[in-house]
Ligand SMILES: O=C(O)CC1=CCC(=O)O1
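Just one chain follows, in the form predicted alone, and it is written as structure tokens.
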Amino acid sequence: MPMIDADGCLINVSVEGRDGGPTLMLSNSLGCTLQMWEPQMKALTQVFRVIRYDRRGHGKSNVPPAPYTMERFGRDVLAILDDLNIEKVHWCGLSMGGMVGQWLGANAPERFGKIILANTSCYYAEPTRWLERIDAVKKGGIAAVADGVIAGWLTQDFREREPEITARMKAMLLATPVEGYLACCEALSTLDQRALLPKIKSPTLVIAGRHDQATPISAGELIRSSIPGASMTIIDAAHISNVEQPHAFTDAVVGFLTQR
């Protein structure tokens, strides 16, 4: 896995899959590493060259001091593509990865083919939830919020049915550097990208989770209705829908990206 320099921040990047195939870039949720996409990798790498990366402040990437912004996250992506000498990719981002995808679709349209925005939001009307989480993590570390976060990521039924997967997801969250997690939460507390959405010209699919409390269907519908020509599909899952319903998620992604 290469480490790619984005304005002095080393970003951990993985490139796998079909040489010469179309390229798909995946972008993770807050508190996740590129490992969150493992349920999709076998299928996706048969069709695409797949780029995954750890967002700054996460996984094996550097943890520069705050503040972080959506523009900074977007420019990190462009630095990765430039370093790999890749002109254009499809994009699939979940949660925070979807927010970065909104910025990229509006500000670097020539670099993106089709865009998938999964379990995400463009706007938080009220920062209280983020400020409370920041306060809790400052006082007690990520462990102080981990159980609540996992309950939002995966439905109770899934957590009871798949305790090993649930434990892996929780371990991924707990391993996130506290400074990076807090800097990302601070960036999310002021999120408002509503004005960017009408500028996105790429064919766009919005994926929403039927049981997602963090970014509910209404948040996905706001994005879908604001991006010209966007479509939406709903998956029977909570927030991390690619883990909870891997086959339905993969089918939605491959179907959208390969249709003419």
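The first residue of the sequence shown is number 1, and the count goes up from there. Predicted model only: the values in this text are computed from it and were never measured.
Only in words, not in the display: the form predicted together with this ligand, which the text now covers.
Open site. This ligand, superposed from its pose in the predicted complex, has no atom within 2.4 Å of any backbone or C-beta atom of the chain shown. Only one of Trp130, Tyr123, Phe158, Trp103 lies close to this ligand in the predicted complex, with a heavy atom inside 4.5 Å, and it is Trp130. Think of it this way: in the predicted complex, this ligand has a heavy atom of just one of Ala43, Ala66, Ala214, Leu196 within 4.5 Å, and the residue is Ala214. Although the partner is absent here, Val149 is a contact residue: one of its heavy atoms lies within 4.5 angstroms of this ligand in the predicted complex.
This ligand in the predicted complex is not approached by Leu182, whose heavy atoms all lie more than 4.5 angstroms from it. Though the partner is left out of this view, Ala187 does not reach within 4.5 Å of this ligand in the predicted complex, counting heavy atoms only. The closest heavy atom approach of Leu154 to this ligand in the predicted complex falls outside 4.5 Å.
Stretch-level contact analysis of 221-229, 45-53, 28-36, 203-211 against this ligand in the predicted complex, using heavy atoms and a 4.5 Å limit, identifies 28-36. Residues of 70-109 lying near this ligand in the predicted complex, listed in sequence order, are Ser95, Met96, Met99, the criterion being any heavy atom within 4.5 Å.
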